[in-house]
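The chain that follows stands alone, in the form predicted on its own, written as structure tokens.
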Amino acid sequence: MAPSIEARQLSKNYGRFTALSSLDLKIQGTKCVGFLGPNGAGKTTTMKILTGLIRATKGTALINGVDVSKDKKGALASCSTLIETPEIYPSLTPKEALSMLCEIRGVPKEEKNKRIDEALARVKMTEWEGKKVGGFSKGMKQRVNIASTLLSDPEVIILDEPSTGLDPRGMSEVRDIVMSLKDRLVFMSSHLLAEVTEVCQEVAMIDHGKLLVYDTIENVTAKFAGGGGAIEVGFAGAVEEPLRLRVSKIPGVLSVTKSNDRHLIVKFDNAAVTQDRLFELVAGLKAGALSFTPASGLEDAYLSLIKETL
């Protein structure tokens, strides 16, 4: 049977706030699926319900057809997760940290060393297996974290923004690892649309707790990417609402959406302003703009579907 993840009418309320609203989503087969939406859209809430970290207000979450709320152990037996960014004891080596996890997860002693070696080899950390984690970069630590998800040889892997906080080299390393896992079902949330385009075959987008679309990236792009152009602008510091509004008032700009804390996706009218001129105008705001990246078709589709952030 092909690995699967399914949400049936999944809802989660925190008092009067609705984090998820009747989410229906079924993913099946070996592939990588990107999970997109603005901050607060419900991505992490969905993943925490799927992995049994929190309970849904109503609805059903299933992993490989097993109800997580009724049989958590059975549902998660073939699933590994990396939710947010867990810390590793700095005094431990990767091999020691993974050995401890093997014991917690009940990996047979006779298989422990083999699984650890295979996991470290897959994330290219074999030469660092005896070094203390406290001296590692964020990217190296994240590679060890991803190795931890491979110890039980899972059919389903759920990753919550695995590249967050990493430098370009670290992000590239994580992308390469995720791309090597296409023999499994990988469900990965991300704010980096270019990353999703590179490593994923399908994409699910949610906003305000509701599913907007689930399809192949090719179909989503063809259906929802409109005319005009789009760029992603990276800033030195956190993007606050006043800055987003300043950018939105530039002549020719159609919409401005935060893709993460330091990036804005700017959609513009090609007939009113050229891309080069838009670069000049944004840089002229003297707000610490560091990078300008032409947006892909997926980013254009994202802007079309996600009208405003929470």
Partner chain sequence: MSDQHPRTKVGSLSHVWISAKYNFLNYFRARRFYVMLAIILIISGLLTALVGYYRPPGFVGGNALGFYGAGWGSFANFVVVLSAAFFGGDAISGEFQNRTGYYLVPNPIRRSAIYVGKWIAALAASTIVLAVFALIMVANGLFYFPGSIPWQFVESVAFAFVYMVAALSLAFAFSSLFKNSSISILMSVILLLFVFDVVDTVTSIVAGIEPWFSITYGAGIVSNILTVPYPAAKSVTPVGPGGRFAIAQFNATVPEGLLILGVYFIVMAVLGLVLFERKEFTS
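Predicted model, so just to flag it, every value in this text is computed and none were measured. Numbering follows the first chain given and starts at 1. Think of the rigid core as the biggest set of C-alphas that the two forms share within 1.5 Å after superposition.
The form predicted in complex with its partner chain is left out here; the points below concern that form.
Every residue in the set Thr51, Glu84 and Pro108 has a non-hydrogen atom no more than 4.5 Å from its partner chain in the predicted complex. At the 4.5 Å threshold, heavy atoms of Asp207 stay clear of its partner chain in the predicted complex, well away from it. Proximity of Lys138 to its partner chain in the predicted complex falls outside the 4.5 Å heavy atom cutoff. By the criterion of a heavy atom within 4.5 Å, Ser148 is counted among the residues contacting its partner chain in the predicted complex. Its partner chain in the predicted complex comes within 4.5 Å of no heavy atom belonging to Glu127. Exactly one listed residue, out of Arg115, His191, Arg175, Arg122, brings a non-hydrogen atom to within 4.5 Å of its partner chain in the predicted complex: Arg115.
Proximity to its partner chain in the predicted complex, taken as a non-hydrogen atom within 4.5 angstroms, holds for one residue of Val199, Ile157, Val233, Leu98, which is Leu98. Of the candidate stretches 191-199, 99-107, 165-173, 234-242, only 99-107 has residues whose heavy atoms lie within 4.5 Å of its partner chain in the predicted complex. Of all the residues from 42-78, those having a non-hydrogen atom no more than 4.5 Å from its partner chain in the predicted complex are Lys48, Thr51, Gly52, Leu53, Ile54, Arg55, Lys72, Lys73, Leu76, Ala77, Ser78. Taking the rigid core as fixed, one finds a CA shift for Ile88 of 2 Å or more between the shown form and the other one. In a rigid-core overlay of the protein, Arg175 has its C-alpha displaced by under 2 Å between the shown form and the other one. Comparing the forms between the shown form and the other one, the C-alpha position of Gly130 differs by 2 angstroms or more, with the core used for superposition. Distance between the C-alpha atoms of Lys138 and Ile177: longer by at least 3 Å in the predicted complex than in the displayed form. Inter-residue distance, Met179 to Lys138 (Cα): increased by at least 3 Å in the predicted complex versus the depicted form.
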